[in-house]
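The chain below stands alone and is given as C-alpha cells, in the form predicted alone.
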C-alpha cells in the first residue's frame, strides 16, 4: 500500500460518518468514542472542509445534532447530510404520498408531507416498530399499487450501540423487496446521489474528498464508487474480517477518528 503522504495528497474535504465514528448510540443517548470530540475540534480548526454524513434514521437532524452537542462535539445542523430531509424533498418533487414505516423520532421530518391515499412506502430504521403487523401493512400497500415504489433510508445491515450490535433497516428493506418482487430506491449511503449531495453541500470535488467511516460497504465502498478516497476506523461496527473484504478495500485502516485526523493534518495539508 502506498505511503500515507501519497494516499492523502490533495484532500480538501472530509466526510465523517457519525454513529460508530463519533459515538456509539444507546438508550441513554450513547457515549463518545474516546478522542473523537477532540479530533473533530482539531479538524475544524484546520484548512480542511468538514461534512457530517449519516444514515441515522431514528432521530431528526435537530435531535441528533443536539445529542452530539451535549456530548461536546462542535457540530451544527447545517453541517449534517442525513437521509430523512433528503427523502422529504424527493417526495415533494415527485408528488409522492408515503405510507411511513419509520421511527417516531424522525417523524417530524415528514410533517409537511401528504400521507393520505399512499402511492409509495418509505421505510427507515423503525426499531421496535418493525412488528409483523407493521411490515405486513407496508407489504399490502405496495402490493395494491400498480407501480409500487419503495424508498429506504439507507440499506445498512447492522450498527453498533453501547449494548451491542443492532439489526438495521437493510434487512427489512430486503424482506419487502423479496416479498413484492421489487427493488427499493435507497436514500442514504451507499447511494451515489447521496454522496454527491454531501460533496455539493461541502463544495469539493470527489477526488478532493475522503470519507471516514466504520461500514466497509456503505461508507467505504460507497464513497470509493463515487471517486472519493475512504478510511475505515476500527470502531463502531468494524469487524476484523472487513480488512479482507472480498470486494472492498479501504485506502487505509486506522484505529479511530483521532488517528485519522492526525494523519490528515500531517499529510493532507501543505
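Positions refer to the first chain, counted from 1. In this text, all values refer to a predicted model and were calculated from it rather than measured experimentally.
Below: the form predicted together with another copy of the chain, not depicted.
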{"property": "Selected contact from 100, 86, 180, 113, since only one has a non-hydrogen atom within 4.5 angstroms of another copy of the chain in the predicted bound form", "result": "180"}
{"property": "The single option of 108, 76, 163, 196 touching another copy of the chain in the predicted bound form, heavy atom within 4.5 Å", "result": "163"}
{"property": "Partner-proximal stretch of 91-99, 77-85, 171-179, 114-122 relative to another copy of the chain in the predicted bound form, 4.5 angstroms, heavy atom", "result": "171-179"}
{"property": "Exercise: residue 184 in contact with another copy of the chain in the predicted bound form, heavy atom 4.5 Å", "result": "no"}
{"property": "Exercise: residue 200 in contact with another copy of the chain in the predicted bound form, heavy atom 4.5 Å", "result": "no"}
{"property": "Residue 149: touches another copy of the chain in the predicted bound form, heavy atom cutoff 4.5 angstroms", "result": "no"}
{"property": "Contact label in the predicted bound form: residue 192 to another copy of the chain, heavy atom within 4.5 Å", "result": "no"}
{"property": "In the predicted bound form, residues of 227-258 near another copy of the chain [heavy atom within 4.5 Å]", "result": "239"}
